[in-house]
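In the block that follows, a single chain appears as structure tokens, in the form predicted alone.
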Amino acid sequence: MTQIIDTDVLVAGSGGTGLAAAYSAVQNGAKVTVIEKQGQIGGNTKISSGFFAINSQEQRDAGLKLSTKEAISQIAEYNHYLSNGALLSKIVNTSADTLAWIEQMGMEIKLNPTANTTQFAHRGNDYRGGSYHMYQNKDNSYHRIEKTLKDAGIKFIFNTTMKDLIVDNGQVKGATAEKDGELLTINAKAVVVATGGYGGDFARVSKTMHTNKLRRLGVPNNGEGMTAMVKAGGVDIDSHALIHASQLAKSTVTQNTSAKHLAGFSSNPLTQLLLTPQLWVNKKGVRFANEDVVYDTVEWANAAWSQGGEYFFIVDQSTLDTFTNNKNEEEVSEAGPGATKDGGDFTELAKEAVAGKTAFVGQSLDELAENAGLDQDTFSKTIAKYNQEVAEKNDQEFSKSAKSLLYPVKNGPFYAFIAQATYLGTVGGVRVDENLAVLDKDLNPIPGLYTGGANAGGYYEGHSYPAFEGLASGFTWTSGRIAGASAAEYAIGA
């Protein structure tokens, strides 16, 4: 038997987008129902670390004088103006107000000063490093938020998966969903799809990103909302994986966050090699990037993706001995999940990696190349050139800093460790206007349909996202707030 529910605004999903949309809609006078496929609120947003905002109270209290005008300019330039300028402007200009608003909802916030950024490439750039308002005591914060929303009269239906939109004569009038095998029909005057992209559909992500080598972190969202919106006339203009740093191959991944609220933590001390600018080569044995990008989560992941999402970092026995003896002079990056700072016998750890088939070893460079499947002649030339650059402290090929040109590859045995780019779900999606109304192929709003967060297109350039800390999570909450207000205005006027 089909259960029928009537509401003004239906919100599908209760991550940051859905929570913001629901609260905004109810504050604007609408009756709101939220469906959530899991048994609790939070979604992928709950593993995110913080919120991007400009000119917030926290920044002003810290003496930071940041202008939204400059932030908009920097993000637009990073995106090569492929983003929707009106949407970008509205999100950034309302970010600080939305941050204060979610604090009122119950989220505890602490500004992370630029000097404390884990993205060492952002030191000295307050727009990238000083924009990070980190979520604190997240379990308690989300409990408070849920209570705030329920006290406001919002109805939650958990363990319920959206199936499709109800469309009548071009207008969205609700959605169907499934709960414990039972079909629900939810009649609504407006729907906000906040289901969080399709990161759980690995085949779909692999097709979008043109590689099946990426590793997945985070809560799996399977694209039900995105599929339904495209079916209803929306146009997916820029959805892509939110690629986020890299990991040792087959590293242990958990959806729990560490003490620093970072996903994907590995306890293996080999992460110190992963997170220092060693020599990187692709599957042909060719060096491909300035390894200093390891100090920026986004740029590191981008470099890895450029090689199909997987690469090798190369070290010799002397480098392993240096790390074993705790005499490494390179700064260990804290980008992405960060490195384990514990010491260890790096030779034994390397041997374990070889046994686990996450690394290769050779007594000679030719043997290493053969074992790792690299072209021997190409690899040999790469090593020779790199060793010369280390000796001269001058990287003519990729402009690696002199301070990172410390460890040549000379003394066998030699090791090649596999590193893989990771992704935290997907971002981007269907074309929207600055009010988060979903647009059809002719750029006309589809009546009654709104979205935000990891389903909304136009905030990113299409394969990456700007390296501003907290940007995706900030967009999630801010776009949801705008979408909820727009949906309520439409529903009440309908």
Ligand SMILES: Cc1cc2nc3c(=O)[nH]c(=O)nc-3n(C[C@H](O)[C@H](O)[C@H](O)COP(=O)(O)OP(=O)(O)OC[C@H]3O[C@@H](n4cnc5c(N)ncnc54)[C@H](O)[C@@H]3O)c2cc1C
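Quick caveat, the model's predicted, so the values are computed rather than measured. Heads up: residue numbers just count along the shown sequence, starting at 1.
Quick note: we don't show the form predicted in complex with this ligand, though the next part is all about it.
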property: Single option in 309, 218, 234, 277 placed near this ligand in the model of the complex, where near means a heavy atom within 4.5 Å; result: 218
property: Option touching this ligand, based on a heavy atom within 4.5 Å in the model of the complex, out of 94, 161, 358, 324; result: 161
property: Partner-proximal stretch of 100 to 108, 201 to 209, 361 to 369, 420 to 428 relative to this ligand in the model of the complex, 4.5 angstroms, heavy atom; result: 420 to 428
property: Partner proximity in the model of the complex: residue 242 to this ligand, non-hydrogen atom cutoff 4.5 Å; result: yes
property: Partner contact for residue 484 in the model of the complex: this ligand, 4.5 angstroms, heavy atom; result: no
property: Residue 454, heavy atom within 4.5 angstroms of this ligand in the model of the complex; result: yes
property: Contact test in the model of the complex: residue 246 vs this ligand, heavy atoms, 4.5 Å; result: no
property: This ligand in the model of the complex - contacting residues of 27 to 60, heavy atom within 4.5 Å; result: 35, 36, 37, 38, 42, 43, 44, 45, 47, 48, 49, 50
